[in-house]
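Presented below, as structure tokens, is a lone chain in the form predicted alone.
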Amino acid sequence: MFCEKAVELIRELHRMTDGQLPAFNEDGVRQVLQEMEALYEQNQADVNEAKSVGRADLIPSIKLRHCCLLRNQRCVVAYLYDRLLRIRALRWEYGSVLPANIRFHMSAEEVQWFGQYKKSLASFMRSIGGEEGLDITQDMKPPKSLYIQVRCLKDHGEFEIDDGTVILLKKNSQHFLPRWKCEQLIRQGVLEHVMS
């Protein structure tokens, strides 16, 4: 049946919860594109026959295939666009370095798009807020306090804060740090916020 593979791509995304990125379904996209190519070629042949021989009985089937082509096109574009929105949200959630398990689910083109988006966002942040720029990815929620208690989940090495103090982040060590300095490490899974 026409358009089933395209609709399955949309269902695949719909099954995933927000914030999750399913593996890129390259086979599904390829099958939809092949179906579109076959529909287009059949339409071209029928249009040529309808023009040359004057067969008006082919027009309904031409219109049906054309509607299927448009639906497949909308489904593929919706699939790709939804994935880009999810990847853009991951940049805000995880920062400029995505975990390997998420990068594994991305196509090469999506990785390239993520790199370009990351550069554009960094360029924008440098252009606002004076000489040093303004990191708009920090404090996604208004902080209740400027300093927080954190526990290190894995060895990370040395970490320098604004006053020049160097802190060694070793597994299971706890520190009282400025929120804005450790928010990125919390998102990356290096630190966890200890609720008192």
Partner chain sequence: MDTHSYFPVTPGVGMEENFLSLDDILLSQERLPVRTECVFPRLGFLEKSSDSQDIAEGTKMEFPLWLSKGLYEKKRKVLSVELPKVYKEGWRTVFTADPNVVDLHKMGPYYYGLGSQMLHFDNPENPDIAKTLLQTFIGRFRRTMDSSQNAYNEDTSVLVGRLDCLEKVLFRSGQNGLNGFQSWEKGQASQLTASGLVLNYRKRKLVDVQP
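Note that the rigid core is defined as the largest set of C-alphas that superpose within 1.5 Å between two forms. Positions refer to the first chain, counted from 1. No experiment lies behind these values; they were computed from the predicted model shown.
The following text describes the form predicted together with the partner chain, which does not appear among the structures shown.
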Answer key, the partner chain contact in the predicted complex at 4.5 Å (heavy atoms) among 130, 164, 54, 142: the residue is 142
When the partner chain is placed as it is in the predicted complex, are 63, 68 and 101 each within 4.5 Å of it, taking any non-hydrogen atom of the residue? yes
Contact between residue 82 and the partner chain in the predicted complex at 4.5 Å, heavy atoms? yes
Would you classify residue 29 as touching the partner chain in the predicted complex, given a 4.5 Å non-hydrogen atom cut-off? no
Closest heavy atom of residue 125 to the partner chain in the predicted complex, within 4.5 Å or not? no
Does any part of residue 25 reach within 4.5 Å of the partner chain in the predicted complex? Heavy atoms only, please. no
Using a 4.5 Å heavy atom cutoff, which residues in 143 to 170 contact the partner chain in the predicted complex? It's fine if the answer is none. 144, 148, 154
If you line up the core, does residue 186 shift 2 angstroms or more at its C-alpha between this form and the one not shown? yes
